[in-house]
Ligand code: SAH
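Coming up is one lone chain in structure tokens, specifically the form predicted on its own.
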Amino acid sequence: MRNKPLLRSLVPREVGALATGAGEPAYRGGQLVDWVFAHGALAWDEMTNLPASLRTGLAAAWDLSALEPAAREVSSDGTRKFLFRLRDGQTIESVIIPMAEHATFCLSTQVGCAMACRFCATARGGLIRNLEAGEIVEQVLRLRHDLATDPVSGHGDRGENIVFMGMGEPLDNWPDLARSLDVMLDPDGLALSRRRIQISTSGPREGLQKLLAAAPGVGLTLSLGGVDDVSRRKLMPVPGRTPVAEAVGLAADYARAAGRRATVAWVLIAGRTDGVDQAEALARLMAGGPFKVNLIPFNALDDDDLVRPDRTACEAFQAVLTAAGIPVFIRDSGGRDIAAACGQLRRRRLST
């Protein structure tokens, strides 16, 4: 039996049109949109001010929810990791990262990933399928519900930031990513600011070109993995097909068009990507560009020999970039005690 289409894969104006198309007055369309997006209703019977006949008709044609909570783990540092089961039985991960004044939601865009990056657990299982826009949007609503039910003390009330840094390569699922952005940015949708959304990508050429052409104005993080094409392909074999210079150039073009710096994410792996010579080469690559750099000490996997560098090596790498005048920050991964690195919880559940 095939699933019904997912209601939250529609943008707000399309959702509202379903009510008016069923013969209801225009204000019913507005009420429906509010329930679907602002209130994040997960069941039809929550929509108490809508006629039962309208709810019944919509339920017969559309699925309101696509995610079923399968696991929730909370780290000693406050990071919350979620495993959601989809309608076809596949699973994805989402994460809440508590910050000083807000929470950051880390979202998935695919089941699995085709990029085969050495430092990513998701890549071990390959790509299963893309997520629909509604499956992406519902992750935000599920995480909002979790925070409303169990607030994080001291993280502030400024709402959430969104990072597309979970399972999958976001720009390889451009149509559904773009539609989910439309919903998130729409004042009648999730009403998020562009400044609070970040797309993290391994930098496939075609995806970066589509992002540049669409110019959504959200933030961009480029995961680099190497300062030259040979070293990048060793760690990131599929993204490495796009030359380093081209990926960096497209990211710079997008940053200038968006009017905000792009972030370059550099995973620090002992003996592989943490050398001073590589820091110097990265500084030359970043020189004069609209970039800042996030250094991410490797979050060790359970089936690989890659090792996390010590703090001294991380700070030495940072010092080289700082001396070159490049904004640089060490971003330590949270939730290591609950396997919060991308894909680890899913892999652990699949293996049991």
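Note that the structure is a prediction, hence the values are computed from the model and not measured. One rule holds for the numbers: they count along the sequence shown, beginning at 1.
Another form exists, predicted together with the ligand; not displayed. Remarks below refer to it.
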> Is every one of 37, 138 and 193 in contact with the ligand in the predicted bound form, taking contact as a heavy atom within 4.5 Å?
Replying inline: no
>> Even though the partner isn't displayed, in the predicted bound form is residue 29 close enough to the ligand, meaning a heavy atom within 4.5 Å?
In response: no
> Does residue 297 reach the ligand in the predicted bound form, with heavy atoms at most 4.5 Å apart?
Replying inline: yes
> Contact between residue 201 and the ligand in the predicted bound form at 4.5 Å, heavy atoms?
Replying inline: yes
> At the 4.5 Å heavy atom threshold, is residue 177 in contact with the ligand in the predicted bound form?
Replying inline: no
> Going by heavy atoms within 4.5 Å, which of 166-174, 240-248, 275-283, 86-94 lines up against the ligand in the predicted bound form?
Replying inline: 166-174
>> By the heavy atom within 4.5 Å rule, which residue out of 42, 313, 301, 324 makes contact with the ligand in the predicted bound form?
In response: 301
> Exactly one of 208, 197, 227, 120 has a non-hydrogen atom within 4.5 Å of the ligand in the predicted bound form; which residue is it?
Replying inline: 120
> Of 208-225, which residues get within 4.5 Å of the ligand in the predicted bound form if you count heavy atoms?
Replying inline: 223
